[in-house]
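The data below hold one chain only, encoded as structure tokens and taken in the form predicted on its own.
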């Protein structure tokens, strides 16, 4: 099995700070995620800028699309996004729209399972519709209430779907190897990197831990 990819969540609203963080951690990560608040605040030009600066990296735009899937996702794929996210709770038609847009651009659609009541059923239905990645995602508010993504990861991994599994939700150095062993293909790290005294050192440590599994 290929080593999981490491995704850094770029969550700042500050355009220049986002670019600076990307440059700092670039040697140690595979995917730049433009977080939902960040993309709402900064718009499609940030996608174009990151694409121009980092042609070798994957770029995920965390749109969390809830409606008008193809229409909303298309300009971001056209700007250079490799992956866009759509909420599983949006329903199958919206998910199919983002999948259609992704396929038209040789890119990927990720289903975000955040707040989906029946994650297994949603994962099965959207995988059958052609989704490329399942996002097991415990949001910030749920993390604050003590929730973790590990149970959901196990449930989705057991399905054996023909998709990659991305995991996000408070992952840090002490838990990242558990996430690898549980079957994650993409590991999303946010605050454990950008909130560290040295984001570059923190990203390097995460990379070394993942490679050691």
Ligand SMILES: O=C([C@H](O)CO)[C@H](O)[C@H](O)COP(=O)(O)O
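Bear in mind the structure is a predicted one, so any value in this text is a computation, not a measurement. Positions refer to the first chain, counted from 1.
Same protein, other form: the form predicted in complex with this ligand, not shown, and the subject of what follows.
At a distance of at most 4.5 angstroms from this ligand in the model of the complex, all three residues 36, 139 and 168 contribute at least one non-hydrogen atom. With this ligand left out of view, the stretch that reaches within 4.5 Å of it through heavy atoms in the model of the complex is, among 156-164, 41-49, 175-183, 56-64, 56-64. Although the partner is absent here, residue 19 is not a contact residue: none of its heavy atoms lies within 4.5 angstroms of this ligand in the model of the complex.
Contact annotation: residue 90 falls outside 4.5 Å of this ligand in the model of the complex, judged by heavy atom distances. Although the partner is absent here, residue 191 sits close enough that one of its heavy atoms falls within 4.5 Å of this ligand in the model of the complex. Remark: residue 203 does not count among the residues lining this ligand in the model of the complex, judged by a heavy atom distance of 4.5 Å or less.
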